[in-house]
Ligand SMILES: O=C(O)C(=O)C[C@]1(C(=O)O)C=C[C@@H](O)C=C1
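Form predicted alone, single chain, as structure tokens, below.
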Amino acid sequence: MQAATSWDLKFRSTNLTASTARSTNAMSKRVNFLCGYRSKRFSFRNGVSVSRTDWQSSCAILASKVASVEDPGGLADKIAVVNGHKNSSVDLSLVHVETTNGKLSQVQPLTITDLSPAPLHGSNLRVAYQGVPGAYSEAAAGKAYPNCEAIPCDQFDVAFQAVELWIADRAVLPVENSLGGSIHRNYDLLLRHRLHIVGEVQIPVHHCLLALPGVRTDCVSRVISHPQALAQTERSLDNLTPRAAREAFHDTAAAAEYIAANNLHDTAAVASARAAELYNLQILADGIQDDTGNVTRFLMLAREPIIPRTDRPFKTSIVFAAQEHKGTSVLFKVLSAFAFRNISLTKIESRPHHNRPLRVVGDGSFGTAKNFEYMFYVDFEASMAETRAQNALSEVQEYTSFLRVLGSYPMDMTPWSMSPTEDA
């Protein structure tokens, strides 16, 4: 393996086009990248892109031998998917020309406002989240992008597509909870879609028991909420509503909305204090979570990545699949690539390999065994602007058949408390 100043990362993406190829002048030390969808080499100073476009190209996919997941809804055939995917079916007639009395109307020229820079952080941004107003995801969107326009989506997949279709500028989606663990659906969607992680935000979960005004706790015969919220308040509900049945609902705030919309006097919901305010419910009990250290981590997603820096703590997220012929020690070797460079891992998650769920091992003499095939998601505390992170991924590539950088982004270092005002 070559030194850090000249190593090659060979990109073999079969999904990306050659239309974005260009070269960038390099100064001082250089790190050379070769993208499969580019036709020539380009260099970055110390391995860091000097523009957003170059960094987007370099971190999108490191090496891929895995077939892309087909879109069952045929969405990829209808639109130009972000990051250079299918675009042969795009209708380039973007300007609608109107006619007046059979004559073409004059097309308005661009003005200086059309060329204005992107809005400031959080200002005028449209941010998609899963749920309805009052959900914890809405609070996460507000913390990640203050003063943004929060756009509710009924499913996680819809939030991804809203950003890809330019309906929203960002998406803020949960990936793990300190008590409930990982949200596996969003890990799978990270691989299926081509969005980039540009940040993270952590939100304390402060549950309340909500009901219509005038309803007493002893009158509640049913409690509805998201399954995780019910599990996180189990002991409290046993004390508050011991005889009430518990029913799973797809969202905490949606459960509160359902009670208000249907005027249910025998039903309570586990949701946030903001949900009580929005849907005119009373708080029967405040702070009913069984564990006060209940925190949910959200990812901030965008169409384009941010340029990694070293002036503040960064985290990088990757996903990879191990090579079959490397044996069972592949995962150890991959993790060693980070350990030897003193890079701390904060998360490792395995998910079934959807395109190849089983792998047959052994020979005919002794029979065969079927092992599950996995994709591994890893978060580590280092920026892709650091040489040690670049060298670690260069070594990891030797043991993997697929390696993709999901994002290199600032860590959430803001302090938080479990006070009720924090979740509003």
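The first residue of the shown sequence is 1; numbering continues from there. On a predicted model such as this, the values are computed, not experimentally measured, just so you know.
One more form of this protein, predicted in complex with the ligand, exists but is not displayed; see below.
A heavy atom within 4.5 Å of the ligand in the predicted bound form is found for one listed residue only; from T241, Q161, Q232, S317, this is Q232. In the predicted bound form, the ligand lies farther than 4.5 Å from every heavy atom of E257. The closest heavy atom approach of P174 to the ligand in the predicted bound form falls within 4.5 Å.
Contact annotation for T267: none of its heavy atoms lies within 4.5 Å of the ligand in the predicted bound form. In the predicted bound form, R274 stays away from the ligand, with no heavy atom inside 4.5 Å. If you check the ligand in the predicted bound form, you find a heavy atom from every one of Y136, I183 and V205 within 4.5 Å. Note that among 249-257, 189-197, 208-216, 340-348, the stretch whose heavy atoms approach the ligand to within 4.5 Å in the predicted bound form is 249-257. Using a 4.5 Å cut-off on any heavy atom, the one residue of 155-172 that reaches the ligand in the predicted bound form is F156.
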